[in-house]
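As structure tokens, the next two blocks hold two forms of the same chain, structure 1 and structure 2.
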Structure 1
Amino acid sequence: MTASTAATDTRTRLLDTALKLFSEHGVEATSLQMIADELGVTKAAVYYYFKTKDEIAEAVAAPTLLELEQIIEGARTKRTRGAQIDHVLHGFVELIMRQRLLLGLYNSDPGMQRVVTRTFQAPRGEDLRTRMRAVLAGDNPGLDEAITVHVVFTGIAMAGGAPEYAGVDDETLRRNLLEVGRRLLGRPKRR
């Protein structure tokens, strides 16, 4: 194993451990020392990778936000609004299915909400929410269309990470999230 591979493995383990501890204790109640202890390393080893807990929380959320950005950009390549909506809805539900633990944390933890909200703000001037709304409802949606998009995707994210659905198997939850999303967005039923 090279030094680079070992560093990547340690960083990955650190982020996995942080997500686990954040979900158990919350971002604010999880200390860098707790993360180090759980990993079996020194606090200095944690500081080698991240200087603050917020940096760790941002790194935990970053891959999911990057994937969401890729889903939105992929939808922009589709020719019709219906194809764009279907692409985003399917991609978003699949993302949620893979990130149920992170979504549950985002839904319940003010520390993670703060970090994700800050990370959502794109330096290009158009944040992810605005870009998603534009793909799904057009560049100048009416209030009803904008609210529908907001309700659908906030609701799907909240339901996907809700503790009361933690015991629902992935396929059942996936099917229900897609059906509700399609219905609310006015998409025809899939056969």
Structure 2
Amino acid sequence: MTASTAATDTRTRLLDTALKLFSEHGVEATSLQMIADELGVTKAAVYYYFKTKDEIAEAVAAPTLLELEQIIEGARTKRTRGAQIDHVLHGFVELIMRQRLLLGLYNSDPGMQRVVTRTFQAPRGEDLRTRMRAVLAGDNPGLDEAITVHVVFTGIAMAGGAPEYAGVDDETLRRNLLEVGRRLLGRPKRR
């Protein structure tokens, strides 16, 4: 293992540990010291990567934004609107399934709500929302189309992290979110 991959590995482990502690205690009640203790490193080692807990929380949420951008880019290579919608919906539901812990936190923890709100309302998040709407509803969608897309995708994200479904296994929740999304967006049932 090179020094660079070791560093990547530590940073990744740090973010995984932070998310675990955030989900157990909430963002506000988790300290850098707790993260260091859980990782078995010194607080100085955590400081090497992140100066504040907010930076850690933002880094925990950031890959979601990046993945959404990649999904939208991927949709641009599809030739029909239907295929583009399918691509975004499928990628979105997969992303939600991988991020159930983070989404659950967003639904229940004010500290994580603060971070996610800031991330998605920053220029990059706003740009992302605009591009996603353009792929799903066209460049100049009517209000009805824009609201439909907004309702379905924010609704799926909220349902994916809702405490009501926390006990549902991944495969069942994935299938249901996808089926509900397809039906609400007027896409044909999958074989």
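Just so we're clear, the structure is a prediction, and the values are computed from it rather than from any experiment. All residue numbers here refer to structure 1's sequence, counted from 1. We call the rigid core whatever largest set of C-alpha positions still superposes within 1.5 Å between the two forms.
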property: Structure corresponding to the form predicted on its own; result: 1
property: Exceeds or equals 2 Å, Cα of residue 29 between structure 1 and structure 2, core fit; result: yes
property: Is_shifted residue 109 between structure 1 and structure 2 (CA, 2 Å cut-off, rigid core); result: yes
